[in-house]
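In the form predicted on its own, a lone chain appears below as structure tokens.
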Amino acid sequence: MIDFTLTSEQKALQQVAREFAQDVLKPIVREADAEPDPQKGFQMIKPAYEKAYELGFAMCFLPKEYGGGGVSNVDLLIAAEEITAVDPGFGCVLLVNGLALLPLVWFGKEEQRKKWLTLACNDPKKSFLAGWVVSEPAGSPGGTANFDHPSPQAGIQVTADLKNGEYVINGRKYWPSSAAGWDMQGADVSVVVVRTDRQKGGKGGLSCIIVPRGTPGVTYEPCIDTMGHRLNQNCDIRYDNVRVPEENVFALGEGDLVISKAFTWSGPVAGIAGVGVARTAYEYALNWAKTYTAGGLDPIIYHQNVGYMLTDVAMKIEAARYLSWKAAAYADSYDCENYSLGAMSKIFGGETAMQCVYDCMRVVGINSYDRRSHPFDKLMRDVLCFPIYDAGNMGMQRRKIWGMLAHPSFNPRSFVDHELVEFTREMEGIGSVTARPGAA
């Protein structure tokens, strides 16, 4: 049955998340966002994170058997919208725990799951952080968008060589969230995507390695100073002959599949984050329009242009929310095999949110440019991140959908029929091989 009605349990979850966001998180957001030092700003949210951990939000997506919440993807989105409506950077800190640890659920060995997931879900300090370490600095080669390129000289270049029962890691990662930890000495655990076979391309050459906090040879450079999402820490990490035991490796030769599935799971969450920010802008602009006259006799909501613009914003927010819900429900049905719908919801939610925030600024007018009196400075800085983070829309996400649509087996009615669309390695790599004009 198609039903958009929240159950009593979902309404209770929504209320707890809303109260946390408004009463615990919101009072610290403005000062933390304004802190010039990004690491100090990140540290300022630690009390709120500890409360989120206590309430179960930090590890709610992990299985109950290890101490997690075992929530559905739909339920996760209900809570995430309330939190990201206050601050999407804080929401990203929670999201990254899932990006790092869910690959262990999908690809890890049981002994790895028991060890690391149990630790993550039962931290007496309530401050456990997991780092999801994939992205690399721009360069030639560099970046991460072409992680599935057939050449071993392209894509991910941090290497891990097996020597005497240990993997030796060398290279540099750039942009990973939370990996430097609260004290710049490392997250409690990081899952690092590395090249374990220097002779193979992205399909077959990549793997995942668990790197615990305190592992020698890992250096954390000063955090990246970002425009928005400033409550989310972004790292610059160097690995110099970092040694981890062979038992810490999982998804050997399948790192490409880990990347694809992790950023598929996170797609609807990123989409609903866009909804949360757009909702905040819309509610503010609507209230403004109902009370501000712009020098006229009546509030500007009675001007047709304002009314139509806010009507369009409201419609776009609803559409983005329900596409995210659809993608999450599909993920719940098929063990997070929602590759196209996950990417669609992420793309549509983020790009729609950008337009919504801008249109709300147009409604408020020049006053929206006053950063001290109105919230749009932060809203716009935050919303600009959505199309370019979390496997960027022009990098991985659109290419993932393209690869599936181009495959001979694709059924264009599969989504309306709620049928499983299996993602295979044949769908990877599309668009990664290009030709320069005039090249032989």
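Keep in mind the model is a prediction, meaning the values are calculated, not measured. Numbering starts at 1 and runs along the sequence shown.
Although it is not shown, the form predicted in complex with a small molecule is what the next lines describe.
Answer with one of 134, 262, 210, 251: the residue that has a non-hydrogen atom within 4.5 Å of the small molecule in the model of the complex.
Going through each option in turn, the one that passes is 134.
Which residue, 59, 379, 48, 396, is the contact with the small molecule in the model of the complex, using a 4.5 Å heavy atom cutoff?
Exactly one residue meets the criterion: 396.
Check residue 279 for me: does it contact the small molecule in the model of the complex (non-hydrogen atoms, 4.5 angstroms)?
No, residue 279 stays farther than 4.5 Å from the small molecule in the model of the complex.
Contact with the small molecule in the model of the complex for residue 388, defined as at least one heavy atom pair within 4.5 Å: yes or no?
Yes, residue 388 is a contact residue.
So in the model of the complex, does any heavy atom of residue 14 sit within 4.5 Å of the small molecule?
No, residue 14 stays farther than 4.5 Å from the small molecule in the model of the complex.
Would you please decide whether residue 338 lies within 4.5 angstroms of the small molecule in the model of the complex, comparing each non-hydrogen atom pair?
Residue 338: no, not in contact with the small molecule in the model of the complex.
The chain here is shown without the small molecule. Which stretch in 271 to 279, 231 to 239, 303 to 311, 357 to 365 comes within 4.5 angstroms of it in the model of the complex, by heavy atom distance?
So the stretch in question is 231 to 239.
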